[in-house]
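Let's start with one chain on its own, the form predicted on its own, as structure tokens.
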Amino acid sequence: MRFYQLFINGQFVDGEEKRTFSSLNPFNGETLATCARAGAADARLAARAAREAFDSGPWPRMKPEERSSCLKGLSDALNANAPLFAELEVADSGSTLRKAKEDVYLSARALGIYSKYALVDLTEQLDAVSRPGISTNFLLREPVGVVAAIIPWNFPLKMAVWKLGPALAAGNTMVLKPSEETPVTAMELARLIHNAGFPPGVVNIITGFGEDAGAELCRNPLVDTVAFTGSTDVGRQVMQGAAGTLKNITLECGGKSANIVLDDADIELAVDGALYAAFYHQGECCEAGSRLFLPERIADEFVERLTAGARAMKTGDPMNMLTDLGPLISRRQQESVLGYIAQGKRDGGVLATGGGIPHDPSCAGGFFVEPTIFDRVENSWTIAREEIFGPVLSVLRYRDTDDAVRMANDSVYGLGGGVWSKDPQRAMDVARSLRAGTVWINEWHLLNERAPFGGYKQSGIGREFGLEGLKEFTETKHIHVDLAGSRDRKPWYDVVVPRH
């Protein structure tokens, strides 16, 4: 069993109250690691270390090439330790090994991309101004300061990297708080950071719970911005905590993404795409395609194929490379998902497949739920409105494309969406009509570190990835440089400054 301390100011230390908590393996319920439980006092220490590192340390003042080198070194170290990180990601989060290997690769690649973003000059020269003053004007992008990053349990390593990379590339210092459900790979990342040449205090990683450590980071006056990924309900709490000091915030929150199949779609491709959209990582994805819209003309055939595909998916040991679905993160999440399934039955949904716990003996000790499909769901039902965060797909039938778009947009969320069609222009027209931050055409889940990602409506505020995401961790400064030179060329002074 592993034991992890807090990582504050370049050192691994115990929490002030010496409290600990356990991180469980969701496949068998066994303890994977014991972690120091940070309280509010520890969060304050971490914020203080980050503040001093920003105000007095070398990191914000380094040449971009030096920050880039540190990030590239971290990327290389992650690649060198990829087998360990993949194994721990499986054991801590319930990810399948196939997915975890890809996650580690993509995380290392993202750090490499952010190492290049550290070299980008974000200075902008504005158009020349002749009146009211002859001048040249610049917009500078400067690091915002201390970033508190609070991340969820579904993609622990990738979420950590997606926050660390751009914040550090822009010259900020930070405190990272991983979910108490999945702290392990974040703390292993701390070990790599410790060995990678980052100055003390630039990155601080504390393991703890939201009600004490997380809440303190949100309200602490030494923190300049909070970057949060998680549920919409907790996102509201983050906003409330940050409001006291008017912090900058970025929120990537919940989703109930609409997956629209048009009547001219390649059915074989769209069926596989719908399964991937809904059941990838057991449906524990904020932008999962959990609402599937089918035209009446092809719905029966489509559901028949979809059901057969879901039944063929293998649920079981996530370390088995043949496994398609692993366990949910916790007993509580399993019970929550089963509760939504029960609600779907009460509302009158047609249960096409799944709906319970797998009978396979290999699943007996874990937090599993079968891949579940409800047909003939109404858009007003709970299972079509609320984020379930599990392997539950709602199939909604529509009359025409306008009907599908109307129902798709009838949601408090707007994170992702998808369209399946053989007609590129028709698919693009539907994509433009969806109120969502990312829309895939004949695809799902593929995110690009160079393209901004975030949500409309209650799916969040701000964007991650790309230059848009990098700018979220900066402040904009306007510099006005006078070119007039002499008093005679500044006539507006006559308004308040008399001539001598």
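Throughout, we count residues from 1 along the sequence that is shown. Since we're looking at a predicted model, the values are computed, not measured.
The same protein also exists as the form predicted together with nicotinamide-adenine-dinucleotide; that form is not shown, yet it is the one meant from here on.
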With the partner left out of view, is Phe367 within 4.5 angstroms of nicotinamide-adenine-dinucleotide in the model of the complex by any non-hydrogen atom? no
At 4.5 Å between heavy atoms, is Leu157 in contact with nicotinamide-adenine-dinucleotide in the model of the complex? no
Do Phe374 and nicotinamide-adenine-dinucleotide share at least one heavy atom pair within 4.5 Å in the model of the complex? no
Please determine whether Lys177 contacts nicotinamide-adenine-dinucleotide in the model of the complex, using a 4.5 Å cut-off between heavy atoms. yes
Candidate stretches 261-269, 102-110, 358-366, 149-157, one within 4.5 Å of nicotinamide-adenine-dinucleotide in the model of the complex by heavy atom: 149-157
State the residue from Leu325, Val392, Leu415, Val202 whose non-hydrogen atoms include one within 4.5 Å of nicotinamide-adenine-dinucleotide in the model of the complex. Leu415
Looking at Leu294, Ala169, Ala384, Cys253, which is the one with a non-hydrogen atom within 4.5 Å of nicotinamide-adenine-dinucleotide in the model of the complex? Cys253
If we check nicotinamide-adenine-dinucleotide in the model of the complex, which of the residues in 305-327 reach within 4.5 angstroms of it by a non-hydrogen atom? none
